[in-house]
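In the structure tokens that follow, a single protein chain appears in two forms: structure 1, then structure 2.
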Structure 1
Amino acid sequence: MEYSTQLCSALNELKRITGIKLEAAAQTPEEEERVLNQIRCLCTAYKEKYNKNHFLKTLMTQNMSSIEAAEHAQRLHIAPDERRILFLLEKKGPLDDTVIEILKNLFPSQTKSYLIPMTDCSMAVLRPVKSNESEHELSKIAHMIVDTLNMEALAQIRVSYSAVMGHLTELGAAWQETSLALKVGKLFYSEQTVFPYNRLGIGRLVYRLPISICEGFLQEVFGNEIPEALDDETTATINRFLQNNLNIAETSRQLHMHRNTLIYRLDQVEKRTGLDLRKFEDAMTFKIASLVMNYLQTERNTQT
């Protein structure tokens, strides 16, 4: 009978996706139709709750035992011991359909990559790592994500990424790595768009400091009158000067600025802060103080 065939197929589908072997019987076509509807609703509910994305997101953000994780991975046909890397991308504003379609093309499901929505503005990408892929090549993938979405979707994207994982149970730690890298990167290195988990520099240290210690450090450097934030142009000039190892000639050349103009701006910074950025110790102090002030300002804005 047609109904018996459909019932058999539905029971097999239930077993395939849940691992549950269920027996059912019906005396009339009407009874069998009701049983079919119940089994299909059960399959749908199970897929919604235990789909791969839901499982991976739960594994990242909640505590799950290794035994439970292994059972879910087996049921969902996800290899637990494959080498993978986690990318976390965040857009300025909600992720739209265009961005999602581009990401699907960059990381098709056939490659065993998973796109995991985290919030309206962020998405995690879990991607297998080939045996011959180096850390440099993984960094290039992160930059490729930013550049592609910027060109094709006109989207402002920041991306952080984790260390290479050897097992699926490391996904929770990878999520913590990428989340921290994105927070620290946005806070202390706003001119960048890609933040590796192991390239956070002194920003990682400042982010972990108590606010009271940060405030005490600023008072030690500047006294009771902490200077206001510098304008964007001056800040960009100083950043380039520090990047060029305090080289006035090279900084002037790169900024197409007269040497005397650069010296004048450095003198103005010294008047406002008491720090001569042409001296290594003062330049280092200024850099750290800038990171600390940025951190405290962000914390105050969050609390208000």
Structure 2
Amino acid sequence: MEYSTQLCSALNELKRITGIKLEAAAQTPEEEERVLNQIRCLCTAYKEKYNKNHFLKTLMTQNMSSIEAAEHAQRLHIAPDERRILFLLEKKGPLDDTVIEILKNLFPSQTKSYLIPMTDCSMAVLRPVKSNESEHELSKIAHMIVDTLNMEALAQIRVSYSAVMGHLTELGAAWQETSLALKVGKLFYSEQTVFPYNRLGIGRLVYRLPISICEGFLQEVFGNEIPEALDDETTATINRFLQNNLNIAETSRQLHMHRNTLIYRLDQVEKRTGLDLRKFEDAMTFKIASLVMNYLQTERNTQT
């Protein structure tokens, strides 16, 4: 019997996930629509009941009672009280077959690790933690994921990871942690590729602040003239100066610039912002303000 493309792909999907090969008979478009719906419902029901990834994704992103979670876990043969860690990796651009294949081989199913696709570009890896594995070793696994995908898939990857969970019901919290770590990490520590949930520093604080408070803070620091963005050269100079612990001699040496030029530029910044970066207090305020500006800029870009 000849099927329409949609019906054909629905039947193939059903066969792929359940192994059941069905034949459908539909004479009219209405009948075909009904058949399609029935097959889709069958697929969803099967996924909900038997698909571990579907269950784990639901547990991560939706509220599920602990009793319901325990029932599902038992049915799917997932030990609820095993120590586990959640890694969340994000690729620049969609995840392709190469990346997925590499991850499958790095975390084979025999090791009771689960790969859970979250979006087109991100994948969560739920991995058991051995009793003798330290935090340092877990950090090494995160770096290993990045380096291996860099080497084998030539893909730009960032990874965040959660605390070690003692029970499957903590998966939702772990998901929140890793998502936050990835967002905060990309925003404030963009030079890094691995973001542990517990090393987010001041970025975590800034990220949690309501927009109105951030705007109020910038208003307080800069008055009405909030610098949208300093030019690249000034930004580079300021960053280098802050990186060198406000040391003028070292900064001017590194930037191949006369110390008077550097002092002139710092004076210009003071004129524009009212902050004398040679003073620790002002330098600290500037640093926090620049983190806040960075955050607001990203928020605005996300909204547009």
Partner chain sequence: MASLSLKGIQKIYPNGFHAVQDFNLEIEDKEFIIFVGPSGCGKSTTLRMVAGLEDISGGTLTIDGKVMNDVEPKDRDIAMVFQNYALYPHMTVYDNMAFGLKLRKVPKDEIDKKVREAARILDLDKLLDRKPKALSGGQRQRVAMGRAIVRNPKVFLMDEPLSNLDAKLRVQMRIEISKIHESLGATIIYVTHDQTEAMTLGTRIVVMKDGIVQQVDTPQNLYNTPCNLFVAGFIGSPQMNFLDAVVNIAGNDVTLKVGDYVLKVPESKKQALINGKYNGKTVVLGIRPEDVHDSEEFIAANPDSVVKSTVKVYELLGAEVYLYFDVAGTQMTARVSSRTPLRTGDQAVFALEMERIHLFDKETELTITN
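In this text, the rigid core denotes the largest set of C-alpha atoms whose superposition between the two forms falls within 1.5 Å. Counting starts at 1 with the first residue of structure 1 and goes up one by one along its sequence. Please read these numbers as outputs of a predicted model, since none were measured by experiment.
In this comparison the chain labelled structure 2 is the form predicted in complex with the partner chain, and the other chain is not. Core-superposed comparison between structures 1 and 2: CA of R265 displaced by 2 Å or more. Once both forms are fitted on their core, the CA shift for Q62 between structures 1 and 2 remains under 2 Å. In the core-superposed comparison between structures 1 and 2, Q192 has its Cα shifted by less than 2 Å. Superposing the two forms on their core, we find that the Cα atom of A10 is displaced by 21.9 Å between structures 1 and 2. Relative to the superposed rigid core, E215 shifts its CA by 2.4 Å between structures 1 and 2.
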